[in-house]
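What follows is a single chain, given as structure tokens, in the form predicted on its own.
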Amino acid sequence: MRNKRFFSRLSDFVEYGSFREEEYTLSPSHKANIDTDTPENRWLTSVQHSERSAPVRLMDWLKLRGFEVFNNLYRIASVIICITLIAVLLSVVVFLPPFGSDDNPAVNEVVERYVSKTVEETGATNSVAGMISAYRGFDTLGEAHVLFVAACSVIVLLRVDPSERRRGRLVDPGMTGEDLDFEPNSDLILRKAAKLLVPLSFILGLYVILNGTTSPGGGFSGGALMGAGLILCSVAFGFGRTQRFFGDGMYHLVKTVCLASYALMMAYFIFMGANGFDDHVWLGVPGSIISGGLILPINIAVGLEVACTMYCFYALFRKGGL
């Protein structure tokens, strides 16, 4: 009778407990160390493992070795993907046609029209500007929308609530929300250099935008120069000085007006061209600033869009707002 009770309790211990050698109470007055390496325990262990289902055993194995196996497979897959991508790119480069050859697929009637008809049809002596802003203006409009969506995404992710900034609920407890805490402007050399470089940056940016139809340049490059000027101004003099003329309201107004104007101009071009109508846009005098038809206002809109986006990214990453 005692042996039966002993094996019953031992079976419960093996089924619900851990396989260790520990004290097991046979009676209130007697304690004994139980050796788990016995024929009875080995038999109970085999029975217990046989009763476990395959999914349970798989989950147990994944808990023990799953992370290690995943890391190994991840490294192997990364190496295979990199080698495959390199091989594909090299094979494409090998089979590319010779550069500058007259029989290349890219040398066709489209390129010939871009080169020979740009001045006549767009009024721009810069063939690249005529192609980007007139012939393929719809693609450039998509690029401007990409900048707009990127700026909106960064605002959603990084913007700090102004009410929390006023209450001092910032990531760094040492910051009080004042502009000087984010951009100290005590560097005399930086301020003196900024007084010279900031106006030059804006003037050069405007020059590049306005002469985009007659020389290398345009909205993207000119907007980058103006955005760099805004960033330098805020670094040298603080966000408070920059916000006097370029704050939240001005940023949203400029971006919305520029993008909407660009979209309306391209919609007019597409509608008139698709229906075979004359767009009646004065192309100006080729070679002068007032030339290129709508290319000039398109360059202005794109330049302001790029400048706003660059400064927006900097301000949001620095202090969570404009």
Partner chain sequence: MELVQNFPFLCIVFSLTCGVLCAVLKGRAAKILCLTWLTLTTAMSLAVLIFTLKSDSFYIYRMGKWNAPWGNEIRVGVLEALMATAFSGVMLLSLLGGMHHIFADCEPEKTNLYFTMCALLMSSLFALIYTNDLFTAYVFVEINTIASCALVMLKSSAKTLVATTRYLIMSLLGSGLFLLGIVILYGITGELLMESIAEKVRALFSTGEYSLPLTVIIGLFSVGLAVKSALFPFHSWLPDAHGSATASSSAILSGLVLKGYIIVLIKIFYRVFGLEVIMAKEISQFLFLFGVLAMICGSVGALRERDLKRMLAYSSVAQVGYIYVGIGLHSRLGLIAACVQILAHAVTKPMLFIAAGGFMDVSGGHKSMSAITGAGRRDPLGGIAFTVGALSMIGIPFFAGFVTKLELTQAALGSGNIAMVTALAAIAVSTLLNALYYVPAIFNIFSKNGQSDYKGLRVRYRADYALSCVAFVLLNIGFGAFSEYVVGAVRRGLELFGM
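Residue numbers count along the first chain shown, from 1. In this text, the rigid core denotes the largest set of C-alpha atoms whose superposition between the two forms falls within 1.5 Å. From a predicted model like this one, the values you see are computed outputs, not experimental measurements.
Below, we refer to the form predicted in complex with its partner chain, which is not included among the displayed structures.
Enquirer: Any chance residue 252 has a heavy atom within 4.5 Å of its partner chain in the model of the complex?
Expert: Residue 252: yes, in contact with its partner chain in the model of the complex.
Enquirer: Residue 159: heavy atom within 4.5 Å of its partner chain in the model of the complex?
Expert: Answer yes; at least one heavy atom of residue 159 falls within 4.5 Å of its partner chain in the model of the complex.
Enquirer: Looking in the model of the complex, any heavy atom of residue 245 within 4.5 Å of its partner chain?
Expert: Answer no; every heavy atom of residue 245 is more than 4.5 Å from its partner chain in the model of the complex.
Enquirer: In the model of the complex, does residue 146 have a heavy atom within 4.5 Å of its partner chain?
Expert: Yes - in the model of the complex, heavy atoms of residue 146 and its partner chain come within 4.5 Å of each other.
Enquirer: So which of 69, 289, 267, 64 gets a non-hydrogen atom within 4.5 Å of its partner chain in the model of the complex?
Expert: If I apply the 4.5 Å criterion carefully, the residue I get is 267.
Enquirer: Can you list, in sequence order, the residues from 86 to 111 that come within 4.5 Å of its partner chain in the model of the complex, counting heavy atoms only?
Expert: Stretch hits, in order: 88, 89, 91, 92, 95, 96, 97, 105, 106, 108, 109, 110.
Enquirer: Spell out whether the Cα of residue 97 moves at least 2 Å between the shown form and the other one when the two forms are superposed on their rigid core.
Expert: The answer is yes; the displacement is at least 2 Å.
Enquirer: Core superposed first: is there a CA shift of 2 Å or greater at residue 215 between the shown form and the other one?
Expert: Result for residue 215: no, shift under 2 Å.
Enquirer: Rigid core superposed, CA of residue 74 - does it shift 2 Å or more between the shown form and the other one?
Expert: Yes.
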